[in-house]
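Starting off, we have a lone chain in the form predicted on its own, written out as structure tokens.
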Amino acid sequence: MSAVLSPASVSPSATVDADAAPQGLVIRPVAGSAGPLGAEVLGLDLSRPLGREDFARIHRAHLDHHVLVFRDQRITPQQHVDFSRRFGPLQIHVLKNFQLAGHPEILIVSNIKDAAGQPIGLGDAGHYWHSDLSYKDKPSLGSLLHAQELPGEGGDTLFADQHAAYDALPEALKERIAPLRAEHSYLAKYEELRARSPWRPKLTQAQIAEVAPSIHPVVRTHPETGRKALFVSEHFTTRIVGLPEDESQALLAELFAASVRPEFTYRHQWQPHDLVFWDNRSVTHLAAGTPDSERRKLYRTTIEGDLPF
């Protein structure tokens, strides 16, 4: 495993308040998780200045556990954006009509409609397993989702460890996919989702151009830890480059199934004011769904990552 980057080198924007006293945070694995996947961060208030020591512990825990759950974070949208930006530049989602007013970095994830019957956010986000913005040339490093209004039932989010999924593959399959590359497209299932939900608007030509497909390795190497992970998903991965269509689809189906085996997953049951920060280089995720009668609203930021290799 390669050396981990120091927190100061995560991004030029990743400044910390070096003089802030440690808050006494506690990091512990979540109950019911598979292996190292998922950890709670307790005793931390992100509305207060965050010192270098605490930031270093958070950064290390994020690499070790891939999904961090910051409990009871009563923070403003600007504090959400500021904390996210410490890990790198933020990416703006193509559905700009669902931006939070005054905070274009925040995508509203919600099934709520306004008084005129219009959706206030993207209500079917996460319907298929995926890694956020994998269709970009520089896919997301990570996403931070902050609970604003939670349903009385449903609304869970599932995460699948793609390092563990890769490690469990037969050696022959690892050798087969090692040199392969795959196409990722935001449009792969867009029209299918739009046809059955009121949330997704018809894309303009400018928006379509903004989400042109990208080609990435089927197996990517984490730029900070050096670990290998599967980097395909049923939502955005459309084909294996250079393979006949039938062979490509058969191989993708095999990899999709291998990537989300129950022993590699953690199911997050949201609590009020949870802020969940996951590593899109290490996990895929899925929204378990919310009954139509229940209201759900969360705010999401996404951090730009690196060119996968």
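Keep in mind it's a predicted model, so treat the numbers as computed, not measured. Note that residue numbering begins at 1 and tracks the sequence as displayed.
Below: the form predicted together with a small molecule, not depicted.
May I ask you to choose, among G142, G126, P119, P217, the residue with a heavy atom within 4.5 Å of the small molecule in the model of the complex?
Checked against the cut-off, the match is G126.
Of the options V81, A147, I75, V109, which one has a non-hydrogen atom that comes within 4.5 Å of the small molecule in the model of the complex?
If I apply the 4.5 Å criterion carefully, the residue I get is V109.
Taking the small molecule in the model of the complex, would D132, R296 and R300 all count as contacting it (heavy atom within 4.5 Å)?
Answer is yes for this spot.
For the chain seen here without its partner, which of 278 to 286, 58 to 66, 245 to 253, 35 to 43 has a heavy atom within 4.5 Å of the small molecule in the model of the complex?
Going through the listed ranges, the match is 278 to 286.
Report whether the minimum heavy atom distance between T237 and the small molecule in the model of the complex is within 4.5 Å.
Residue-level check for T237: no, no contact with the small molecule.
Residue-level question: is T157 within 4.5 Å of the small molecule in the model of the complex, judged on heavy atoms?
Answer yes; at least one heavy atom of T157 falls within 4.5 Å of the small molecule in the model of the complex.
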